[in-house]
Structure formats: structure tokens, C-alpha cells
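Before any questions on how it binds or moves, here is one chain, the form predicted on its own, in C-alpha cells.
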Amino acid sequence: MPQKTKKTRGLKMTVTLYTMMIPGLIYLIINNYIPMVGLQIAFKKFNYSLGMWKSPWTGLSNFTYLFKTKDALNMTINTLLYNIVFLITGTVFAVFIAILLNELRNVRAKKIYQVIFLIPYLISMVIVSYIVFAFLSFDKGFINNSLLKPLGLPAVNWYMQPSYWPYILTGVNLWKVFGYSSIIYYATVIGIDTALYEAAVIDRADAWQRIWHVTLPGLRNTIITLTVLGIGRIFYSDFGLFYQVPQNSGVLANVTQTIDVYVYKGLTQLNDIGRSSAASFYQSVVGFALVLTANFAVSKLDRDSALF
């Protein structure tokens, strides 16, 4: 009887958990799996009058065009290099902030800093573009009028100078996303067994030694997980960052054109759904391959740190 009661309770708990999962599962199917039917557009010459199902097949011609266009190499390199820089700088800075928060003893100050750090992540990229414009505007921008002018330096037309924008975009991206990542790392830090820190103190380890030998090893799995997930999206880019922040300036196209920007322009300017779909399909396949490759490499180094 007790065994039967135990099984009944376990069944009820399982049914409850699966019932709670249903809304999320429905959303996942509708939002992520049903649209996969549209992948066939990447292999068709889409015709609005015929629709998705009756449009003629073109094989790999959309992909051939994508790789033959003069912008293909440039936008691929931009997407890849920007994301590598974003991944490295974002991880290092977020871990740094998480460690600083952990070392801060004032609980109220910790909460205030966390809110301040998180606010940029919650701001729309449209608003961010206006904030950046307020700093970089040639006529009324803060940098030209409040920094360069008092120093007797000539004003810079930032939106006409491509050489500055790799640094500007990296800084804007870091400012916007590090707060969210730092909170994730901070949540991991506070979960580290305090006995490890106590043992380090007994062994006369100073603050830097405790960080190096206790905190960073405790963050290892979280860093690996987020890095592998970041690698999976290394061929994707924040459309708002590369399109809205530079104000879609044609002069800056060589340093701001990414695959996502190309897809948008393909839809709005060229009205070519087939080639735009091919670019998106290319992103997905490469991203999937990179996740598998990165996870395989991690599993060879440390099986317990791999995602699967």
C-alpha cells in the first residue's frame, strides 16, 4: 500500500509538470517548428502570385548568387569578426563585473548596481541609436561640442568616418549587453560553496588568490555554456546595432554590413525573398554546425562541461 501510494504521488507530480509544460511547448511548436516549412523558399524563385507551394524550384541558385555577390565576403567577415570580438569582450567584462559585485559587501549597493547595469539591456535599440546620435551628431553632438571644441580640436563627422565604427559598435554592444550576462555570472558566483572561501582564508589566500583559485573555477561551466551558445549565433548579428545605430549610412556600409542587414535590404530594396531566405538558411546551418563542433571540442577536454 505505501509503495502504491508513492507511485500514485509520483504520477500526479509528473502529470502536473507535463501540464505546466504544455503552454511553452505549444509556443515552441508555433514559433520555432511550424515556420521551418518556409525553408523551401530558399530553394525557390518566389512568386507572389503563385505562393510558397507553387513557386518554381531553382535548386541552389539562390545560394550561388549569395556567394557570388561582391558583398558576400565582406558581410561574412564583418559578421564573424564582430561576433568574436563581442563574445570575448562581453564575457571578460561580464565576469569582471560579477566578481566585483560579489566582493561588494553593501547589499543595497549591490541591488542598485544590478539595476543600473541591467537597464541598457532593456532599452530598445531604436532608443540606443538616438542616444548614440546625441553623442556623435556633427552639429550638436556631445563629443564635438563639449569635448573636442573646448580642446580646440576640429569636429568629426562620425557618420562619414568608417574607421571609427568598429570601436563604436563594440563599445555600444558591450554597454548594452554586459549587464544581463554579468547577472547570470553573479548568480553562479553566489552559488559557490562558501566553505571553499573559508578554506582559502584559513590557508591565508588573499582576495586575488581567492578569485583565481575559487571564483573563476566555479564560473568555468557557466562560461563554457554561454560561450558555446554564443558560438552558435556567431553568424547572426543584432540588426538594430548594425542598421539603426549607424543611421543606415551608405558610407559606413563596408564596416556595418552584416548578413542580417543584407537580408533586410534584400527584402525591402530588392524584394527578393528567395535570396534573403537563402542567407538566413545559411546562417542557421553554419550556426548549428558551430554548436556541434564547439560542444565536441569541449567534451574532449572536459566531458562534464559539455552541453550534451
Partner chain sequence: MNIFKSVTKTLAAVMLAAMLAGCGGASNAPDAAPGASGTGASGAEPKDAVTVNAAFLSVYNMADAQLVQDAMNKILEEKYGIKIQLTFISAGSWREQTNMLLTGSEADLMTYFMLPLSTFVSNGQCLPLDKYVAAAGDKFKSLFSPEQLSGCQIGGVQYAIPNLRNYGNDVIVNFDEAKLEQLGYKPEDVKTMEDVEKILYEAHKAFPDIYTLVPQASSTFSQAWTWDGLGDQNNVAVIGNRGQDTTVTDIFENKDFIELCRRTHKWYEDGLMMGDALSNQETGTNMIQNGAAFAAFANSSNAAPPAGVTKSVIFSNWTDSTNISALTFGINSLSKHPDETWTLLEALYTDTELMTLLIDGIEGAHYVLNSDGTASYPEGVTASTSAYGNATVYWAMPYAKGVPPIVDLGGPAFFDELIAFNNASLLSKGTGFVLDTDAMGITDEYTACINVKDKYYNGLMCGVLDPETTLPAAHREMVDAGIEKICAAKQKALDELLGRI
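Take the two forms, superpose them, and find the largest set of C-alpha atoms that agree within 1.5 Å; that set is the rigid core. Computed from a predicted model, the values in this text were never measured in an experiment. Numbering follows the first chain given and starts at 1.
Missing here is the form predicted in complex with the partner chain; even so, the following discussion is about that form.
Only one of Phe96, Trp212, Phe142, Phe138 lies close to the partner chain in the model of the complex, with a heavy atom inside 4.5 Å, and it is Phe138.
Taking the partner from elsewhere, every residue among Thr16, Ser49 and Gln247 has a non-hydrogen atom within 4.5 angstroms of the partner chain in the model of the complex. Judged by heavy atoms within 4.5 Å of the partner chain in the model of the complex, the contact stretch among the candidates 147 to 155, 225 to 233, 68 to 76, 166 to 174 is 68 to 76. The closest non-hydrogen atom of Tyr180 lies beyond 4.5 Å of the partner chain in the model of the complex. When the partner chain is considered in the model of the complex, Asn31 lies well away from it, no heavy atom lying within 4.5 Å. Proximity of Gly240 to the partner chain in the model of the complex: non-hydrogen atoms within 4.5 Å are absent; the residue sits far from the partner. In the model of the complex, none of the heavy atoms of Leu81 sits within 4.5 Å of a heavy atom of the partner chain. Taking the partner chain as it sits in the model of the complex, the stretch 270 to 290 comes within 4.5 angstroms of it through a non-hydrogen atom at Leu270, Asn271, Asp272, Arg275. For Asn47, a C-alpha deviation of 2 angstroms or more is recorded between this form and the one not shown after rigid-core alignment. Superposition on the rigid core between this form and the one not shown places the CA atom of Pro56 2 Å or more away from its counterpart. For Phe296, the Cα coordinates differ by under 2 angstroms between this form and the one not shown after the core has been superposed.
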